[in-house]
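What follows is a single chain, given as C-alpha cells, in the form predicted alone.
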C-alpha cells in the first residue's frame, strides 16, 4: 500500500468522518482526536492487510472503538456509550446512509461557521474540519506561525464547548441567513488565495483549491440554493484564469494581456453548469450576479471584444442593493473601457466616498493606469507612489514599481 492511498482516503473521508463522529459524540475535540487515531491505525493496518473494500466504514468503526475506549476513561460522555456500542454492531445502519452523511456534513459546516465565533475562527475551523488541512498548513496559508494558529483553534473549540454551539442544520429563515455566512467564509478563503493580501506570491493556489472543494461540496449538499450555486460558479470561473494571471517570474499579468489559451476550460464548464443551475434555484443573490460578471469575461474571445456595457449593467444591479466602494471601483474600471479614460477617471474618483479606499492599493493603481492613458504623467507617478505605499504583497509591489519605472522613462 502506498502512502498516497492514505492521502486519498483522508481527502475523501475526513470531513464525513468528523461530521458523523460529532453527531455521535456531541463534542468536536473528541471527534477530532478519535478521527486522527483512526487514520494512524489505517496507516499501520492497511499496509499489512491491504485497503479495505469500504475505507470510510473501516475508519468510522475504528474511530468509534477508539471513542469507546476514551469514554470509558472519561465519564463525561458516558451517556454516549450505548449509542456507540449499538453502531459498532451494525456498521451498515441506515442512519449512516448518504442523506444522513450529507446532513452530518452540513451540521459540521454550520457549526464551524456559527456567528458566535469570530471570522478568523470560522475560517480556521472550516479549513481544519471540512478541508482537512493541518494546523501548520492553515498557519502557512494565512502567514501565521503554527503555535499561533494552534492557540486560535483551541480557543475556538473552547468557545464551542462553553457556549454550547450546536452542530445542527438550522431551518427556515435562519438557514438562509446562516448559508450566507457559510458562503462568506468560503469566499474569504478563495479571495485570500486568489489575491493574497500580503506575503511574497500574488496567489496561493492551495487556498483556491480548498475553497473550490468547499464550494462544490456545499453545492452538492444544498443543490437548490442559488447563492451557493452562484458562489461555486464565481470561484470556478474566476479561478479558470489562474495559469494566465502571472508570468514566469510570478509577476501579475493584466487581464488585457493574458493568454486566453491558458484558461482552464474544464473549470469554465463546471462554473457555467453551476451558474445555469442558479438561474432556477432559490435564494438568488450577489454571488450569482458576480458569477455573471465572470461569465462575461469567460465568453469574450478577446479583451477588446468584452461586452463592457453588460458588465456595467451588472455592477449597477449589484450597487442597487446598497453602496459598496470596491464594487463602485470595479464598475468604474469597466466604464473606462466602455466610455473612455476621462469618464472612467471621474467614476474612479467618485468611488472613494469619504476616503474609504485611501488605503486600498487597487484604487491608486487604477488611477495611475488611467492617468497614464490620459498622458497626465506626473499625476500618474504620484498615484503609483500611493499604490506602492499601500500594497502589502511583494509580487504586486514589484510589479507596480516596474510600471512606475516605465512611466518615469516616458516622462
Partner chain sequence: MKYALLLYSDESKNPDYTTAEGAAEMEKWFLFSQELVEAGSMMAGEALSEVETATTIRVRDGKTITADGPFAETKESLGGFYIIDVENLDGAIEWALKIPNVGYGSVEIRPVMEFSDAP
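Residue numbers count along the first chain shown, from 1. Just so it is clear, the structure is predicted and the values come from calculations on it, not from any experiment.
Beyond what is shown, the protein has a form predicted in complex with the partner chain; the following relates to that form.
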| query | finding |
| --- | --- |
| 319, 330 and 361 all contacting the partner chain in the predicted complex, non-hydrogen atom within 4.5 Å | no |
| Proximity to the partner chain in the predicted complex (heavy atom, within 4.5 Å), stretch among 125-133, 236-244, 161-169, 292-300 | 161-169 |
| Interface residue in the predicted complex among 326, 116, 143, 154, criterion: non-hydrogen atom within 4.5 angstroms of the partner chain | 116 |
| Sole residue of 313, 270, 178, 260 within 4.5 Å of the partner chain in the predicted complex, by heavy atom | 178 |
| Those residues of 206-238 which, in the predicted complex, come within 4.5 Å of the partner chain by heavy atom | none |
